[in-house]
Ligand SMILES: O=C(O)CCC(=O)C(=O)O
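For reference, the chain that follows is the form predicted alone, supplied as structure tokens.
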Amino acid sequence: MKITRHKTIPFQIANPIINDGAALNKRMNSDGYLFFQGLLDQDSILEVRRSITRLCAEAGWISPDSDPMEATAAPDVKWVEPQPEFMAVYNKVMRLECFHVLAHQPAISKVVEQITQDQVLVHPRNIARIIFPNNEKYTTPAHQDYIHIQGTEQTYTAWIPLGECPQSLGSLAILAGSHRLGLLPTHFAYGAGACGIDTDALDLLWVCGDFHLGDFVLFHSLTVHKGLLNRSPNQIRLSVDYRYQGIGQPVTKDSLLPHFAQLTWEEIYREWRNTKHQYYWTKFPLHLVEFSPKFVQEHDVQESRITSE
């Protein structure tokens, strides 16, 4: 029977199998994702949220009569990457020590280690998402991360909301089992990444759900996923993307650069209090490969269109 493409089912919770490497691998191989509840340190997440909302408030993005931690958008403010106004704040986010340190949560590395059967490389190219409400045109389209990461297909993304994130706030949806289809054709799309995938003909189910503080979903680089529309009347959705792989697998040089590469690591590290998570990847005997631009040539088209609007 043909699956109705608009039908969704809830995430399957992976907490009961977290210490069973064989079961984790079986589910990842079958579904392309693992959803965990409440495993991450809440104080660390809230520290990142507090730091980002402070920067947003300083830029006038937060309603002046509200608590910045609520992330209530100021009226008529709706910036997106890579507009200069957005990037001015985003580059400040890139300098936040707590934002980069959060990627090293032991709970995530433990799961990835069981999947890869290798020492884990935490990619230093960390990504923050600041999604304004009711901005449907720039909602992240269905896509696969591999074309933006490359190196090895056995790279995994951890998507973490920086606070409570119901579906109405624009949480993440995953096309379960889509990683088994291989690399799919892309087309230009607005929203993060600029490359969308037509999923209408794929007889697979979308899975999604509400996220609570400390939840995260880990998925394969070929797993199709998308952001849901932020339908909140006025709340900004804040989340982060972190990537992981085994150190024995190839990694592109670009994955070792800051996101958007508008800052150097020296600039990012300048005011950090601790050096533990600085240049840590240089200690590994990595197999470095070049990034191929053939998959993401439309990105330049998107950037020229968006910055001119």
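Treat the numbers as computed from the prediction; the structure is a model and nothing was measured. Numbers for residues come from their place in the sequence shown, where the first is 1.
A second form of this protein, the form predicted together with the ligand, is not displayed here; the remarks below concern that form.
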Arg125, Glu153 and Ser255: each with a heavy atom within 4.5 Å of the ligand in the predicted complex?
-> no
The stretch from 112-120, 136-144, 96-104, 199-207 that lies within 4.5 Å of the ligand in the predicted complex, judged by heavy atoms, is 136-144
Interface check vs the ligand in the predicted complex: of Tyr90, Phe219, Phe216, Phe132, the one with a heavy atom inside 4.5 Å is Phe219
Residue among Thr72, Thr157, Asn230, Ser178 with a heavy atom within 4.5 Å of the ligand in the predicted complex | Thr157
Arg243: touches the ligand in the predicted complex, heavy atom cutoff 4.5 angstroms = yes
Indicate whether Ser239 is a 4.5 Å heavy atom neighbour of the ligand in the predicted complex.
-> yes
In the predicted complex, which residues of 164-191 put a heavy atom within 4.5 Å of the ligand?
-> Leu172
